[in-house]
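Given next, in structure tokens, is a single chain: the form predicted on its own.
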């Protein structure tokens, strides 16, 4: 089982030929409201990739809250740990251009009310193969849950911020993209950034977009897995799809090389579709792509 303690947002997505510059107005071609948030996205990705998944977080008592809850339930995620609190749900305003690139503004809403996992939450987390964390919840809540968890902690350090020592001490695997790895370590070269990350945590994966991913461990294992070549339509959920699928494959006992290939394949399938949670592939789709 995979547990996810994280954010749930409603994504307000505008599709346009190119993103506007500061002070500029451009015409868009489409608009969509899609359940998202890095935590909910990772939970959805892991569930669709074949895992039993429990999600812990908060939504508001506005119109978006029930929609996000139903979205997770429809993916097969256990949402008994998803609380409803007074006020607005989290919102992400996203602009996606015709190259599939995106820019995002996140407004925390209900996510900002989360203070940590309850005793009941921690009991479920303790039975998990991994606990997935991100940084869209208050950092104090993330740190407290990581320290209290009796499961291997997988951290996606996004949005980028200073990482407290007590958080890193609880992390088994960190999965930044190349930009996050550079911001955290100050190293522009991904290989050097990976080395610097391994000074802080036992295992690290640095995702490199179209260049694939790097893996390293303190035990000396080093891997580079190429990306699956595809034409990207929307990369919004690529990283969360990768992390969710990676943790499923590791929980199934696959080798690191196999798990990275499984995750890269899932991410490649997701970027060929628009949206975040709506783009994530099923287990059957991932398995079929791996055999072609």
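This structure is a prediction, so every number in the text was calculated from the model and none was measured. Numbering follows the first chain given and starts at 1.
The following text describes the form predicted together with adenosine-5'-triphosphate, which does not appear among the structures shown.
S.K.: Does residue 271 reach adenosine-5'-triphosphate in the model of the complex if we count a contact as any heavy atom within 4.5 Å?
M.R.: Answer yes; at least one heavy atom of residue 271 falls within 4.5 Å of adenosine-5'-triphosphate in the model of the complex.
S.K.: Look up in the model of the complex whether residue 235 has a non-hydrogen atom within 4.5 angstroms of adenosine-5'-triphosphate, and give yes or no.
M.R.: Taking the distances in the model of the complex, the answer for residue 235 is yes, it comes within 4.5 Å of adenosine-5'-triphosphate.
S.K.: So, in the model of the complex, is residue 89 in contact with adenosine-5'-triphosphate at a 4.5 angstroms heavy atom limit?
M.R.: Contact check for residue 89: no, nothing within 4.5 Å of adenosine-5'-triphosphate in the model of the complex.
S.K.: Quick one: does residue 267 come within 4.5 Å of adenosine-5'-triphosphate in the model of the complex, counting heavy atoms only?
M.R.: Looking in the model of the complex, residue contacts with adenosine-5'-triphosphate include residue 267, since a heavy atom lies within 4.5 Å.
S.K.: Under a 4.5 angstroms heavy atom criterion, identify the one residue in 76, 100, 112, 209 near adenosine-5'-triphosphate in the model of the complex.
M.R.: Exactly one listed residue reaches within 4.5 Å, namely 209.
S.K.: Identify which of 223, 228, 67, 32 has a heavy atom within 4.5 Å of adenosine-5'-triphosphate in the model of the complex; exactly one of them does.
M.R.: Of the listed residues, the single hit is 228.
S.K.: Within 4.5 Å of adenosine-5'-triphosphate in the model of the complex, counting heavy atoms only, one of 45-53, 235-243, 248-256, 58-66 shows up; tell me which.
M.R.: Looking at the other structure, the answer is 235-243.
S.K.: Scan 168-192 and note down the residues that get a heavy atom within 4.5 Å of adenosine-5'-triphosphate in the model of the complex; none is a fine answer too.
M.R.: The one in contact is 177.
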